[in-house]
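Only one chain comes next, encoded as structure tokens, the form predicted alone.
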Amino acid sequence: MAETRLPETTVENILEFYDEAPCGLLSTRPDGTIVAANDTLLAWTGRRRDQVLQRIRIQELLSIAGRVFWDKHLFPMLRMQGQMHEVALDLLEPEGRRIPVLLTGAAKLDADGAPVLFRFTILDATERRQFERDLLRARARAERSAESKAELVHMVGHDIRSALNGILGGAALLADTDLSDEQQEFLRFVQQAARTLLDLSDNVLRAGRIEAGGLVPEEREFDLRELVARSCDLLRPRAEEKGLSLTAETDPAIPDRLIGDPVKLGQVLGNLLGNAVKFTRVGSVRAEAWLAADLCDSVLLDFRVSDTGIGIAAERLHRIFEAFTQESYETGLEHGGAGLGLAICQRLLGLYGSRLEVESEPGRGTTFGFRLRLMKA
């Protein structure tokens, strides 16, 4: 069968493509001596072909640090593995200017598997390196901006809390004076609005600390029964205003003293109880803590907060743990809030490797639960 030969013009086009490729192409002997290089690479390095071929090794095109890295790491790796992919190096021009490049190489092997030739593709990474620098600068600016915003939120949040506590204190004093029924109704409206804003400022400050990584679990001894009872007592006035029953039950088998972070656990219970009271018009709210397992030096506890409130539609359950999200737009309008409470609970529990679970039925109520492992005191 006659040998098929490519047309002369095709051979010339292949050679032209090699020399004018938009990337550098290079071939070396196993010792690194350059035996082939295209025009693109020669133009980058500012050298003529007769100055390169058979005269210098590939590492002589690199910066000093690149030569050391090549001899100590890259070349042994290339001989052993037979390839390398997008290694960042700097080529040197005769005048000393550096060109950042990405070097990809592969070995051509003989019949015995020994390398006889190394072929390299070299990409100019100048624009990529500049893009990475721009990204790093943008990230630094964003981080500085985020820090400034966090400081502003922290400062303003505490000022708002101080003012709201003053309003609530003044309202409490005013409630002890002789007021008409209409004035008492106005006062209750002021107190409710101030408490709502106080809760909102607490959640915003807490969310800011979590985002900034400023919250870590503390470990100290506390009484779980007292914590659950106190969490309910704080919400009892609101529940009584709405005519709701608010109860707590703690498993007698739970040890009297445990080790954990009562502040953060109290924040989780407080948020869950606060939501339960807020979204329940009639009926009851209940907090429970049960011993799930006794593990010698620690215990597994199941916590539940249930209510007989408005409930949550099944198709909306997956959204309620997102920050600034509520069950529906109408719910937000009617009950207020910023949709931060459940997101904060989820993140606080995440510090302990736990998470919130929810069961709900519209019109029948909602139950939130989580499991926590605490050390025995």
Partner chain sequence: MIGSRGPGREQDERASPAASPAALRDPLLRHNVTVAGSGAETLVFAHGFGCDQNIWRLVAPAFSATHRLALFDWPGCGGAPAEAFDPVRHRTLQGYADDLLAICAALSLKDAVFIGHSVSAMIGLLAAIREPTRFSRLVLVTPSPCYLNAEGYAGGFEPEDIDELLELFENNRLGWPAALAPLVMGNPERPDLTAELEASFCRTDPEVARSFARVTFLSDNREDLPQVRTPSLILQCAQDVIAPETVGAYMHRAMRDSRLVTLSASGHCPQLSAPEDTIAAIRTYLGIRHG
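Residue numbers count along the first chain shown, from 1. Because the structure is predicted, anything quoted here is derived from the model rather than measured. Between two forms, the rigid core is defined as the largest C-alpha subset superposing within 1.5 Å.
Just so it is clear, the following notes concern the form predicted in complex with its partner chain, a form of the same protein that is not shown.
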Report task. Find out whether any non-hydrogen atom of Q81 is located within 4.5 angstroms of its partner chain in the model of the complex, and reply yes or no. Result -> yes
For this session: Report yes if any heavy atom of F186 sits within 4.5 Å of a heavy atom of its partner chain in the model of the complex; otherwise report no.
Result: no
Discussion item. H73 versus its partner chain, in the model of the complex: is there a non-hydrogen atom within 4.5 Å?
Written reply: yes
Please tell me whether any heavy atom belonging to E361 falls inside 4.5 Å of a heavy atom of its partner chain, as the geometry stands in the model of the complex. no
In the model of the complex, the residue from A111, V282, A142, A293 with a non-hydrogen atom within 4.5 Å of its partner chain is A293
Among A106, L234, L197, L300, just one has a heavy atom within 4.5 Å of its partner chain in the model of the complex, namely L300
Would its partner chain in the model of the complex be within 4.5 angstroms of a non-hydrogen atom of every residue among R29, V35 and E218?
no
Among 274-282, 88-96, 256-264, 178-186, the stretch whose residues bring a heavy atom within 4.5 Å of its partner chain in the model of the complex is 88-96
Of the residues spanning 47-83, the ones with some heavy atom within 4.5 Å of its partner chain in the model of the complex are R57, S63, I64, A65, G66, R67, V68, F69, D71, K72, H73, F75, P76, M77, R79, M80, Q81
- Query: With the core lined up, does the C-alpha of Y352 move 2 Å or more between the shown form and the other one?
  - Reply: no
Would R139 count as moving between the shown form and the other one, using a Cα shift of 2 angstroms or more after superposing the core as the test? yes
Superposed on the rigid core, does the Cα of F75 end up 2 angstroms or more away between the shown form and the other one?
yes
